[in-house]
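As structure tokens, one chain now follows by itself in the form predicted on its own.
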Amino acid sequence: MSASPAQHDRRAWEQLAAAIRPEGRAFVAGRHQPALDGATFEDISPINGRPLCQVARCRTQDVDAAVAAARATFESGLWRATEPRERKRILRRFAELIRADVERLALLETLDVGKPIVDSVGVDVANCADCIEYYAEFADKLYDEVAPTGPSDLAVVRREPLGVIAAIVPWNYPLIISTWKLGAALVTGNSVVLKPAEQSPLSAIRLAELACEAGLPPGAFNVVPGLGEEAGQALARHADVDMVSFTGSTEVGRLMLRYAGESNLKRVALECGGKSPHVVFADADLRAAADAIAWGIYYNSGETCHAGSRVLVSSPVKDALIAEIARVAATITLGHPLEPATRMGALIDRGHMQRVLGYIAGGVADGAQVALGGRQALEETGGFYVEATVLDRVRPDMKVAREEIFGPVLSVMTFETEPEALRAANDSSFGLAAAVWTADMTVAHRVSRALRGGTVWVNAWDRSSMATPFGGFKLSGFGRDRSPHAIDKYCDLKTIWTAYR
């Protein structure tokens, strides 16, 4: 098809989707292979509840094979000892192949997780390629250090790769989060075993194919699809894995720490979600705030770890702000993800949809009021859709104000004073992100310093780039993705001290 992805209509996307035969086998040592015991599981599309393909159900023996391949490649130096400029060339080629494969990758992402195709094309695939390219440029720009010593000694501090990295990623942004980990791990010479979420394995397998085509040696990047309690646990417990980089729920993050402690004390980096607040003062630009708040919670159907799911608003402007949020929400079209006009798609699966609807019902039972949405939508499709929802009159002690819903549900609370707003904003187990909305820059600086979050926006939401680190405080985890700081966790420092006589 000659038209660019941006020009495709729904019919064109459906024709392309019908022509795709998704690959569900694992990718180990540069080739596809089924699970060693032949087991598979069914990958269901949240768009219509129908199966996409059978996927290899990898278990301990498959993880053992992938880790062995990663270790063999690392120890051989096929990737680790590659000259930096060549490593950069291969990673840049990888980014180019991702961009050239935009239609297939975007379709795999949308069919697998139900997000709008326009976002898969313009955000997920684009950011995936940009991330690999960003880290490629560090390959020949990471310097060792010479420590200050006396004239008879030379002390060199070298940055060395850790070895085998287990990357365990969630289903909400499979491409983006995978490459946040891949880029920083690969540029420093590590080998990677990627375990995608069982709900979204297809784009990860395709990424491995493209990496191999770009020239990454066999074993440097492996993919083991499977269930979390099987493949994920086996990988996190593996004694020959040097580090686990995990993004997902706090509950599973705790397990990652336990598995590391019970095995080989491997390093662990965690990003475990959030319950991020907007603090909106009476002097704020309510239209601008409402636009950011609505997109910040309804984008990707609210399945975003730093979604701004709590609004703390000055009492006198609460009703006006809710009206503005409803106005913006009306422009965020809920519909079939392959329809280019759709801006809000399906939730990941039936169980998660029921969980989100359960939170809404629970909030109402606790005394909250549905100001917008609150219902399942598009039931006739067989897919898993929930309306953009606003819950008003929420109290800080309610579950909808404290627990991560991971859906298109906004909880609105009021405050009277700045100290009250700060106490409520920071009264959370999470600390991933936050925002303050005010025309008073003195207030903005004071509040932004006091808010406990890995990222705090002032009169904005979700503005970011690869140059800024992403991660959080408290139960949101530790360690950072993106930026040069992410590279540090995939390396160790070695001092080589030479004495001259």
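Start at 1 and count along the sequence shown; that's the residue number. What you see is a predicted model, and the numbers here were worked out from it, not measured in a lab.
If you look for the form predicted in complex with nicotinamide-adenine-dinucleotide, you will not find it shown, but the lines that follow are about it.
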**Message:** Between 432, 56, 70, 435, only one gets a heavy atom within 4.5 angstroms of nicotinamide-adenine-dinucleotide in the predicted complex; which residue is that?
**Reply:** 432
**Request:** Have a look at 299, 74, 415, 406 for me and say which one sits with a heavy atom within 4.5 Å of nicotinamide-adenine-dinucleotide in the predicted complex.
**Result:** 406
**Request:** Go through 182-190, 136-144, 283-291, 226-234 and give me the stretch that gets within 4.5 Å of nicotinamide-adenine-dinucleotide in the predicted complex, heavy atoms only.
**Result:** 226-234
**Item:** Exercise: residue 273 in contact with nicotinamide-adenine-dinucleotide in the predicted complex, heavy atom 4.5 Å
**Value:** yes
**Prompt:** Taking 4.5 angstroms as the cut-off for heavy atoms, does residue 123 touch nicotinamide-adenine-dinucleotide in the predicted complex?
**Reply:** no
**Request:** May I ask you to check whether residue 425 falls inside a 4.5 Å heavy atom distance of nicotinamide-adenine-dinucleotide in the predicted complex?
**Result:** no
**Asked** With the cut-off set at 4.5 Å between non-hydrogen atoms, does residue 391 touch nicotinamide-adenine-dinucleotide in the predicted complex?
**Response** no
**Request:** Report whether all of 79, 164 and 219 sit within 4.5 Å of nicotinamide-adenine-dinucleotide in the predicted complex, measuring from non-hydrogen atoms.
**Result:** no
**Asked** Does any residue in 146-180 get within 4.5 Å of nicotinamide-adenine-dinucleotide in the predicted complex, counting heavy atoms only, and if so which ones?
**Response** 168, 169, 170, 171, 172, 177
